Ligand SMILES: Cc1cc2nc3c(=O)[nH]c(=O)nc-3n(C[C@H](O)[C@H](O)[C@H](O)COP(=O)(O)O)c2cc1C
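Starting off, we have a lone chain in the form predicted on its own, written out as structure tokens.
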């Protein structure tokens, strides 16, 4: 039975483009896998505690010797790791905040990196649907300022994932940012979102591993 792990991390609810994209992917996945299982985590509404020294060093202490605090910290990481290991596909809705990923997503990622996952997730399909408020494509003034994808691609390779799929929508603040409204980029924003939704649809048409 196929299993999807669906993560959202946008602090926005209604109006979030990354949530719109991830919801579209999840809906398509359910259609293609009617008997499949979906595990959902909203990292903004229910944030994972950031990694601290108690959680980090607990993994080096034998289970009978752990303090109650260490045991509780290990339980958090164990649950998150089990969710990843159970999934065939990991879907990540990822906005751009200050040129990087939300700290809530980084907190989740730090918790799943362990001896149980190092180099061992190569059989999982990771799909990242992302949104960014401005334009960061080739030739733009901020080309290369979006550090999410290069960071996450490199970080995933340590877990054995070499072929993560990234689908992006941009200019999402075209109608909201005072600095962008005069540029009249609304149509470009709509086209970018439409292209991203179409890319998700095309992925289901071309990738047999996403279909039951």
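All values derive from a computational prediction rather than experimental measurement. Positions refer to the first chain, counted from 1.
Beyond the structure shown, there is the form predicted in complex with this ligand, which is absent from this document and is the topic of what follows.
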property: Stretch in contact in the predicted bound form with this ligand, which is absent here, among 129 to 137, 107 to 115, 70 to 78, 83 to 91 (heavy atoms within 4.5 Å); result: 129 to 137
property: In the predicted bound form, residue 96 touching this ligand (heavy atom, 4.5 Å); result: yes
property: In the predicted bound form, residue 198 touching this ligand (heavy atom, 4.5 Å); result: no
property: Close approach of residue 54 to this ligand in the predicted bound form, 4.5 Å, heavy atom; result: no
property: Contact of residue 10 with this ligand in the predicted bound form (heavy atom, 4.5 Å); result: yes
property: Residues in 13 to 43 with any heavy atom within 4.5 Å of this ligand in the predicted bound form; result: 15, 16, 17, 18, 19
